[in-house]
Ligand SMILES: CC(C)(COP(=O)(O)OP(=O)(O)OC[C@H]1O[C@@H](n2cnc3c(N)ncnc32)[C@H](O)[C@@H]1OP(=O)(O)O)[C@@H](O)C(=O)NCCC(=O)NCCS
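One chain comes next, on its own, written out as structure tokens in the form predicted on its own.
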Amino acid sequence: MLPLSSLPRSLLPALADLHMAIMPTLLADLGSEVVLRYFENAAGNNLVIAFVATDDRQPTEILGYVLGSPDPSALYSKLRQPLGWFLGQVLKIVLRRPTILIQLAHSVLSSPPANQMQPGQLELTYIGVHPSARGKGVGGQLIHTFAEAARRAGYTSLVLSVETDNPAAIALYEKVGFVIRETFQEGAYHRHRMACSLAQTNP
């Protein structure tokens, strides 16, 4: 387990590939180059708390990752810089999947009230585990490491959004102390907003 900022830059494409393979979100829909840029930006952002689990026997094999920020929208906004590059990436995707443009416009122009951050909160934005490593405690270790780092950084609670049709993820979050606060719709996605107090629980 190592911080994303310490991950060799040569492994960032593998991390982006893993995200593309297991995380069917709007970010992944925008393509591998945008996902790679996201992780490059995150690795250089000192407000981001992120860890990567690698195989001890094969350090270049990424087993999972977790990433969070007190201002997730700032990471997404940075993807649009430079604007010409971003529009080029979007155009390539829109030509194949026009509905992506609608989802992107909705994401940029509106933010559900459920996603508004409160003082002292850190959003667990992404967590993913390679299929070969599932059921081995990797997800729990990632959340525990992430929560401990958040606590040391002075955060008082974690929040996250998860699709309502992802029972495995919901069960993992509930196991480590997250509770559902509300259910909402964001574009094409139906999601739960979950929270975990760092002062009262021990993920």
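Predicted, not measured: the structure shown is a model, and the values here were computed from it. When you see a residue number, it is the position in the sequence shown, counting from 1.
Same protein, other form: the form predicted together with the named molecule, not shown, and the subject of what follows.
Residues 129, 140 and 161 are all found to lie within 4.5 Å of the named molecule in the predicted complex, as judged by heavy atom distances. Taking the partner from the other structure, the named molecule in the predicted complex has no heavy atom within 4.5 Å of any heavy atom of residue 195. Shown alone here, residue 23 lies within 4.5 Å of the named molecule in the predicted complex, counting heavy atoms only. Remark: residue 34 does not count among the residues lining the named molecule in the predicted complex, judged by a heavy atom distance of 4.5 Å or less. Using a 4.5 Å cutoff between non-hydrogen atoms, residue 166 counts as a contact of the named molecule in the predicted complex. For the options 172, 42, 150, 62, the one in contact with the named molecule in the predicted complex, meaning a heavy atom within 4.5 Å, is 172. This chain is displayed without the named molecule, yet in the predicted complex the stretch 131-139 from 131-139, 66-74, 151-159, 45-53 comes within 4.5 Å of it by heavy atoms.
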